[in-house]
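There is one chain below, alone, in structure tokens, taken in the form predicted alone.
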Amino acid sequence: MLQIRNIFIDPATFLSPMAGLTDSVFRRLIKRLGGCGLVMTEFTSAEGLTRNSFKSQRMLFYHEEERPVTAQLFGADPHRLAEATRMVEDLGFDAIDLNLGCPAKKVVKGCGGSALLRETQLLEEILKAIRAAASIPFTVKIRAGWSETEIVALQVGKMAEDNGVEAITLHPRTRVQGFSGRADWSIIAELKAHVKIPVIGNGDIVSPEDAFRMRAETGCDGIMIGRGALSNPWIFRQIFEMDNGLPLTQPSVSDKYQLIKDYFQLLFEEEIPGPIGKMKQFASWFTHAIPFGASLRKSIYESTEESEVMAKIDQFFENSLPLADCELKT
């Protein structure tokens, strides 16, 4: 368990915010599978939120069953971020997180995300503005730095701690790396050794064994998982089971079929805009773990209606489930 002021995160595992992916539907799906201690919204533009952008407001929709839930913001204007912080508080979020890691060109061009790792004077102004505006816990998520020659995780971590940030998540890749190469976990260990606030490790966790190894190698206080949860939504439960000496959940193909149906049903219930795009996106990640999933992905991508997607999924599993179960046993 990890405590960040008045928030008890049990177990100390976090679902990483991912643009276009970790909406309320996906967060609830993860929560219902068990083992995930805290979820975050998709990173949300402070500029858009304070200008009453419907898209930005929609990103901050959540259900009570998601708690504890953190709203993640990005931006480069201290005043806008402070105003957005007050709006987040009014919406009842448990905490607020500032994104200092996004490598996307559009975000970086506006000096948001990982660009702020190169603008430490502005970053300090932002940290002070958010801290002054927030009465709820305030955390940040960072990368190691801009490039291999500009590793600033320790400098930024100490600055964050000095300005009232209460926990820090570190993805130890640089902005230049994007998601290529390997995450350098030694940078997490170095940060943990030099700050007193909780440090959450993130990067290259695709199995429960990876989570165990990260904690052992870095001493981090918690684990955040992003892409690993897309291909294996059961990973949080499996980490909990490993930590407690329980047999690891090994989802059957039938379990995976049910999960796909549950996800799509939630999409329809919430009336999420562009559900067919979400369905295809989810399928592109999740069906990599299903035998013969390539043929299912192809048929989904070729679909033009939501009902057609579901029909093709039902047909795939009706025809392939016995073969798939056999494949898993061999």
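Bear in mind the structure is a predicted one, so any value in this text is a computation, not a measurement. One rule holds for the numbers: they count along the sequence shown, beginning at 1.
Although it is not shown, the form predicted together with a small molecule is what the next lines describe.
The listed set 198, 251, 110, 226 contains one residue whose heavy atoms approach the small molecule in the predicted complex to within 4.5 Å, identified as 226. Residue heavy atoms within 4.5 Å of the small molecule in the predicted complex occur in exactly one stretch of 262-270, 26-34, 298-306, 41-49, and that stretch is 41-49. For the chain shown alone, residue 75 is not a contact residue for the small molecule in the predicted complex, no non-hydrogen atom being within 4.5 angstroms. Taking non-hydrogen atoms only, residue 18 approaches the small molecule to within 4.5 angstroms in the predicted complex.
In the predicted complex, the small molecule lies within 4.5 Å of some heavy atom of residue 99. With a 4.5 Å cutoff on heavy atoms, residue 232 does not count as touching the small molecule in the predicted complex; it lies far away.
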